[in-house]
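The chain below stands alone and is given in structure tokens; this is the form predicted alone.
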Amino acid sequence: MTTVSPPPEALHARIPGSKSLTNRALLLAAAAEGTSVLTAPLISDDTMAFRQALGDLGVRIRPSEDDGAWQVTGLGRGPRGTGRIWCADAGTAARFLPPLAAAGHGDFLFTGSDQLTARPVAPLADALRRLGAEVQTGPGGTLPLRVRAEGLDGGALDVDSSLSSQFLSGLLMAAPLLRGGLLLRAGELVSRPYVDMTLALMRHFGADVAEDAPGGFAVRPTGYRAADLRIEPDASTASYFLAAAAVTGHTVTVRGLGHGSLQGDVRFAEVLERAGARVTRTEDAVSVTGTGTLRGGFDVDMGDISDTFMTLAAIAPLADAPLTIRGIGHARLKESDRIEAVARNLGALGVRTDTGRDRITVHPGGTSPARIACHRDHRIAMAFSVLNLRTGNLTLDDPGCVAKTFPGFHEEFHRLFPGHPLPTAPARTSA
């Protein structure tokens, strides 16, 4: 294996804005009365698809020529009219925008790429039907999804959130637009920090939402009012740079992800600390320093921060004992079956893994040269790029898939870690 000599001082990673914050803020600003300004939004395939979809629903979004901020002129209500809404690969568009449409008036058809069409929307469609919307889905409860809407009265609703917290978040964000508000009860809830993010942003845009009991949410029909927001750096994307510090002995600092962050994935730094790295958190930043050894020999539940489980799994072969990651069954329904995809890629490297419905165990061992199958999944490409800093013998079959959330990932990774090869293939463009 190759090693990278530590520099004399910390490296500062330039992480773009959070996809989760950008798309939630876009929707809330679109539903609000007045004009909101979103500063430092993420510009990537997913956020541009979300922005275009809102435009197709009648929302005016104007980029600022001075600082790149987005000015969003809200509808003050749900959308009106008819249209075919292309969601591309963006799961947030397919889960957040149909409830917004159902709160409006019109006939809206949501479609997407083959990859997105393979992901379920049946629990969301069922919830909207029970609220009174006319909803049709494709075979097996997938896209295309058609919503014929005349507004929604509201009421009480039980929501299946065991597959994705995005179903619950989409319904919550539409709830203030309903004529009578909404009482939502979620059963098994995955990725709870993303729901907390949704609630915080709803309140920022003027909603009255309370959690009366764990998993029970009461939303009054207040509508939304315009508000400005600066988007934090993406904590999921930051995980690759923090993990790179842990395996190379560097110190990497990410500004903008301090103690007050709205993103649950900042807790990935705690997992790295458990694995032997030194971690420092301040009000404005998080820093990770590698200590030369990656510790294993423990189990960790990453259900609440599942977007980062691949980061840990990809570097786990470098640990001194097996690592088991649990609580990640819903990751099988993302851009790929992420548990299976990670296990197969590690197997191609000669690394032993054991998997179950919601877990993976990675055993330490040397890694053979291999071509990583990305499955058009940005997180697989970025996670195995971290491992390659130590092995130097991996290539990606689709380096451009990182454009989904960080088009400049390879350039920034190479800037901080010159041993990371720049891809020769062009970046992927949105469909």
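All values derive from a computational prediction rather than experimental measurement. Counting begins at 1, following the sequence as shown.
Missing here is the form predicted in complex with a small molecule; even so, the following discussion is about that form.
The small molecule in the predicted complex is not approached by N345, whose heavy atoms all lie more than 4.5 angstroms from it. In the predicted complex, the small molecule lies within 4.5 Å of some heavy atom of T92.
Residue contact with the small molecule in the predicted complex: D46 places a heavy atom within 4.5 Å of it. In the predicted complex, the small molecule sits beyond 4.5 Å of every heavy atom of E232. Residue-level contacts in the predicted complex: of R146, R359, H250, R119, one residue has a heavy atom within 4.5 Å of the small molecule, and it is R119. With the small molecule left out of view, the stretch that reaches within 4.5 Å of it through heavy atoms in the predicted complex is, among 83-91, 134-142, 177-185, 285-293, 83-91.
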